[in-house]
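This document starts with one chain, in the form predicted on its own, laid out as structure tokens.
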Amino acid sequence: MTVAFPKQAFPGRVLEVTLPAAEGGTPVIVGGQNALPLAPEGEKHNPVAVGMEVGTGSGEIPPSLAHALGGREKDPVSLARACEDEWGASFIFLSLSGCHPDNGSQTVAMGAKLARDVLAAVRCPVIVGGCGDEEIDAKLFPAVAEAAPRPVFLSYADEKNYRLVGGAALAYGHGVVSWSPIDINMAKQINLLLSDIGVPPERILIDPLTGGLGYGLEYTYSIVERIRLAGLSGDAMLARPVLCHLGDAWKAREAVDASEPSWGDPDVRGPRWEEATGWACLAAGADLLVCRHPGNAALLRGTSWR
């Protein structure tokens, strides 16, 4: 007996967004789909883009991750080159965490110069993240926007700083990553606010905040899925590509703790923790993933879900 599975057609379509590359590089194009991932119907359009994080802070990273990066984490420019040339990252997420008072205390000028140096070293698209300190980021984002020799996406704009980040993006031709704390209503509100000040919809990505496996991943999954369903159902403010940063997976004790022999080798466990987080985000409908482990960048990039 043949079973016919029901098919669902959606009236909406996720907006296509392009992350520009340098001359000779390959732009990243995401969005454009009018169906859910794993569903047989609809047009899946552009594949998922998998990038890698390049940090700038002085804090310690898990030993298993340090081994995989081969010590390059101490040199952001060298790490960015390796992400693109050796590990095949489609884009770079440059975190200027070193400008935070508790993580290096680099000056705003140093952060802007580092962004310029990384952009000169790679051809792929770049998303530039702030340090997380509200007062410093208020100076850092405009400085980076002015210093960047080519268009980037600034991460991130929220309900407090959207005018500053959106204004800097508009002034220098950049895109914006809108951020909300696992809340679909706030995700929509930030996009409305950015639209009100004139940021074009095709220059906005949604970051709904990603919790790691066992530490909020189920909430992230629910919100990403709801964002995708709302966008496909016709809500233009939520019909935007979704970015999930998998870094929180490495904050889980189960991912890095070597004091529990029964848990297995942390050099294996850590990457698998990030991988599991990434698969869940893809199943929920994410369009861009940011990895920290080189092996996961290759593994998740090979998905054929779209």
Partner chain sequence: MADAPCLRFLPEDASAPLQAGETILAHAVRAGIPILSPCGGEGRCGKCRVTVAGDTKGGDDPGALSQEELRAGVRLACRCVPVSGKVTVTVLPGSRPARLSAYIEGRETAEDEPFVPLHLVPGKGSPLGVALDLGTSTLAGALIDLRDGTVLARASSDNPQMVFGEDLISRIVFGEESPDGFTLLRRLLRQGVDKVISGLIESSPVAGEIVEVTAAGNTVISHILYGLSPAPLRRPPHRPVLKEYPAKSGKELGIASAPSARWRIFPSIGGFVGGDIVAGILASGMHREEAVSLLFDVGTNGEVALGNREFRIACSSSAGPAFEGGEVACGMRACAGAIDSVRIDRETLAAGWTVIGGGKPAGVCGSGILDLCAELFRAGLVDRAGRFVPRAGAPFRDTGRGKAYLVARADESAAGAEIVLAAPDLKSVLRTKAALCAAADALLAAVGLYRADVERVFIAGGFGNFLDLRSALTLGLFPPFPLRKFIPLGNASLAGAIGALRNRKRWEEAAALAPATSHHDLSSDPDFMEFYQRALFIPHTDEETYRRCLSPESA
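Positions refer to the first chain, counted from 1. If you're wondering where the values come from, they're calculated on a predicted model, not measured in any experiment.
Below, we refer to the form predicted in complex with the partner chain, which is not included among the displayed structures.
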{"query": "Per-stretch contact check against the partner chain in the predicted complex, the hit in 141-149, 159-167, 110-118, 84-92 (non-hydrogen atom, 4.5 angstroms)", "finding": "159-167"}
{"query": "Non-hydrogen atom contact residue 78 with the partner chain in the predicted complex at 4.5 angstroms", "finding": "no"}
{"query": "In the predicted complex, residue 174 touching the partner chain (heavy atom, 4.5 Å)", "finding": "no"}
{"query": "4.5 angstroms heavy atom contact with the partner chain in the predicted complex for residue 202", "finding": "no"}
{"query": "Close approach of residue 123 to the partner chain in the predicted complex, 4.5 Å, heavy atom", "finding": "no"}
{"query": "Within 225-256, the residues that have a heavy atom no more than 4.5 Å from the partner chain in the predicted complex", "finding": "226"}
